[in-house]
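What follows is a pair of forms of the same protein chain, given separately as structure tokens and numbered structure 1 and structure 2.
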Structure 1
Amino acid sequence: MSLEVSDLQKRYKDVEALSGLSFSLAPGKALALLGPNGAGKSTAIKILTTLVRPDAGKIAWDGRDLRNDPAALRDLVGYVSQELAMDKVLTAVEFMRFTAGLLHLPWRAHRERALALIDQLGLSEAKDRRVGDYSGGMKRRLDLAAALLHNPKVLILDEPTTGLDIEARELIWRLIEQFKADGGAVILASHDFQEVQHLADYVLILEQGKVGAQGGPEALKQALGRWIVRFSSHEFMDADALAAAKAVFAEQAGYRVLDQEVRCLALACSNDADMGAVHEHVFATATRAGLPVFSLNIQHPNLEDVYRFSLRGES
């Protein structure tokens, strides 16, 4: 039993918002959608939550195609949007009852679950207070409770912890992890690379509606290289300095020039040397070539590196 998305396509007049999105998501796993604004993440989420119809493609659960059955797809997914939409005068219990009505769920049959979710999310003491008096973290938790009311198999989260403090963010993370542990599948759109690293089992990077890099977080980092080296010969490297550095390091075995950044040249190192050996080699190489060393930073690749360089065609 899994969610199978195949070749989803969507065009708005002359803009191809989504072109051939495909992935498989099993229960207990989380997929992270990454990409810049306009990459197609919002379109994908709108399609999966039945807000937009795709031009082509397939959405299936347990082998059953749900693309033309929006009611069944809505039963399958719970959705926490980036923007909160709550009536400030309602209490938490009233909001859950309102949500039940929107979902065509009989309140008597779901009241106990609603109260259990409120308790699980740490809102029991505030359940009879107006939502307008809640903090941002409390509102986000209540929004998550509402998304879980109909016991969905797939939870879709759009920037679920944006603007929250550390404690609220970690609480949301624990709830998402529990949903996964209980056999739920998660689709997460986020710009928080720490969040993606913490929650995601699979990462899919979109750019201009197309799939770029994809894979498990660790596999993607390993594919980029063992080390990322950021070298600068001057505080502000001009075009000539960058060209000179590129020419020198492009000839080094085991090193690959990724791209220039604001003040430095980024290199990927694929050999098994430790950090000290890499530092010594880069420093010596620059010195032999007559390049001054203003700064030299070496670290293992992270997801932000994968994201940054995959969008430049480097991963």
Structure 2
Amino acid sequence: MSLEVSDLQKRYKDVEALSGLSFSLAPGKALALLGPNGAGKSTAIKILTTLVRPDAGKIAWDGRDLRNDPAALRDLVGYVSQELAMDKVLTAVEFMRFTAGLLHLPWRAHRERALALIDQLGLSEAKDRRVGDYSGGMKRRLDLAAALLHNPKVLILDEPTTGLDIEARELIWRLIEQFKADGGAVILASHDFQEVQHLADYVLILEQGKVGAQGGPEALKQALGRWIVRFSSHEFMDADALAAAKAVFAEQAGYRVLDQEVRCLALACSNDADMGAVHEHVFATATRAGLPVFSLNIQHPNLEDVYRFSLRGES
């Protein structure tokens, strides 16, 4: 059993919102969609939650094509939207009951599960309060509880922890991890690299509707290099200083100039040297070339680097 998405396409008038999105997602795994605003993440999620019809492409579960069966796709999916779209008049319990009705779950048989989810998400004491009196974090937790009520096969989360405090964020992460451990598949759109690193088994970076880099987080990081070096010769490197530094480091074996970032030059180092050796080499190279060293930062690549340089065509 897996979710197979192939060649999804969507165009809004002159804008190509999504072009050729394909992936496969197995139970117990999480896919993260990364990309800047307007990259196509929301369009992808709206298609997967049947809120928008694709112009082309296929969505299949367990080999069954669901293109013409949106109701079957809706049965599979639990969805937590980016907006805190809750009914402020209902209490948490009433909201869960309402959700149960929409999912055709008899309340008597599912009340215990609803209350358990409310409890797991730390909302027991507030369960009879109106949702309108909830904080943003409490609303997000309740939204997740509602999305999990029918034990969906696929959980789709659109920036599920935006604006939450650390405790609420970790609570939600734990529940998502539990969902994965129980065999659920997760699709996550997020701008939070820590969240993606923590939850995702597979990362797909979208840019202007097209798929950029994709792969496992570790594989993507390794593909970028062993070390990422950020070098600046001055506090504020102007274009001339950046060009000078670029010229010096472009010729170094084992080093690749990724791009110039604001005020510094970024390099990927793919040789096996340790951090000290890399530091020593960069420092010596700069000094030999007459470049002052204002700052030198060396670290293993992280997902933010993958994202940042993927958007610049480096990965």
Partner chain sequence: MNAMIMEIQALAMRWFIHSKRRPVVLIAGLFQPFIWLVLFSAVFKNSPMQALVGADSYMGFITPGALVFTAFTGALNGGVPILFDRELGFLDRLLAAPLRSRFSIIWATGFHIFVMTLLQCLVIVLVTMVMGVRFAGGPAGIGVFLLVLALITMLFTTFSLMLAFVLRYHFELISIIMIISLPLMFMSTAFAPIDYMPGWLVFFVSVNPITLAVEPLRAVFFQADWGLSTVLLQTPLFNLSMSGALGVLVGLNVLTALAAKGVIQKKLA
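The structure presented is a predicted model; accordingly, all values stated were derived computationally and were not measured. For residue numbers, the reference is structure 1: its sequence is counted from 1. By rigid core we mean the largest C-alpha set that fits within 1.5 Å across both forms.
- Structure 1, not structure 2, is the form predicted alone.
- Residue 212 shows a C-alpha shift below 2 Å between structure 1 and structure 2 [criterion: core-superposed Cα displacement of 2 Å].
- Relative to the superposed core, residue 110 undergoes a C-alpha shift of no less than 2 Å between structure 1 and structure 2.
- After superposing the rigid core, the C-alpha of residue 137 moves by 2 Å or more between structure 1 and structure 2.
- Superposed on the core, the two forms differ at residue 101, whose C-alpha moves 2.5 Å between structure 1 and structure 2.
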